[in-house]
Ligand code: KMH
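We begin with a single chain expressed as structure tokens, specifically the form predicted alone.
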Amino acid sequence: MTNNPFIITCPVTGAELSKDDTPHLPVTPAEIAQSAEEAVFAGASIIHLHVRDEQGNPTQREDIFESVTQKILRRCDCILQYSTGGAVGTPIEKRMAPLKLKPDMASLSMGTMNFGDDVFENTTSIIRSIAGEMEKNGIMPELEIFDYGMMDTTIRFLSKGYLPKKFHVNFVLGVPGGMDGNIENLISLKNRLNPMQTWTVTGVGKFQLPLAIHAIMMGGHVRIGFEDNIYFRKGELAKTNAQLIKRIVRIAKELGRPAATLSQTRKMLGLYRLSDN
């Protein structure tokens, strides 16, 4: 595995948490931009972006996505991956609104599921609408797979031409209502992919660190950040996203896999830009 770099995606804030959960959660545009810069400096090359409104509530407002994007890119160079999930219950029109800004990547959840006590709705028409908007704006989708049946949906949609041909996959494990975050589930999902397909694992809560380590050993990539886990260890809140990233970078170094640079990430995903070096 030596010299086989791995991609780190950092979801700096998410849509489900608040300062009541952890005082370290970035919610203002300035806090999100600073946290993104720290994450990139620690080793992340992709920032998975949710934003908050003036009251600190999750929002899909295009103007706030644009403002936060500009603030981040003034501080650091990275791939921005917009969320199209928003918060649970966000209408489809609002979920798609930021895609007009044409980020490099955006998330595309591949099915409806129980999400804790709520229902995260992603019907066939919703998935196709978001996928079509991404294709129109030249955005690479990251397919979010929360459950085994979503892999069947992905394969079926690909056969029907409902999805762009070029995409990245993210296995999200440990959400109450989705697949548990055990290694057997990760292996079963990964084994259904084309061997050349790029993939990431997101472990929620206590599953973040063990699944990240397994993904690194399996040749995959990782998502590390506050949206999925706010603890550094049991009972101890992490102070920054960068703190969590630095730990996985240290562990991966022992396993012979360095964190990918931005240019390496773009090459692996096929997101080329002449300005990268």
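When you see a residue number, it is the position in the sequence shown, counting from 1. Given the structure is predicted, the values throughout are model-derived calculations rather than measurements.
Missing here is the form predicted together with (5S)-5-amino-3-OXO-hexanoic acid (KMH); even so, the following discussion is about that form.
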Does each of S83, S107 and F120 have at least one heavy atom within 4.5 Å of (5S)-5-amino-3-OXO-hexanoic acid (KMH) in the model of the complex? yes
Quick one: is E227 in contact with (5S)-5-amino-3-OXO-hexanoic acid (KMH) in the model of the complex, heavy atoms, 4.5 Å cut-off? yes
Can you check whether E16 is within 4.5 Å of (5S)-5-amino-3-OXO-hexanoic acid (KMH) in the model of the complex, heavy atom basis? yes
Given that (5S)-5-amino-3-OXO-hexanoic acid (KMH) is not shown alongside this chain, does H221 nevertheless sit within 4.5 Å of it in the model of the complex, heavy atom to heavy atom? no
Residue-level question: is V88 within 4.5 Å of (5S)-5-amino-3-OXO-hexanoic acid (KMH) in the model of the complex, judged on heavy atoms? yes
To test your reading of this chain, name the stretch in 47-55, 24-32, 63-71, 246-254 whose heavy atoms come within 4.5 Å of (5S)-5-amino-3-OXO-hexanoic acid (KMH) in the model of the complex. 47-55
Using a 4.5 Å cut on heavy atoms, which of F157, F115, W199, F167 is close to (5S)-5-amino-3-OXO-hexanoic acid (KMH) in the model of the complex? F115
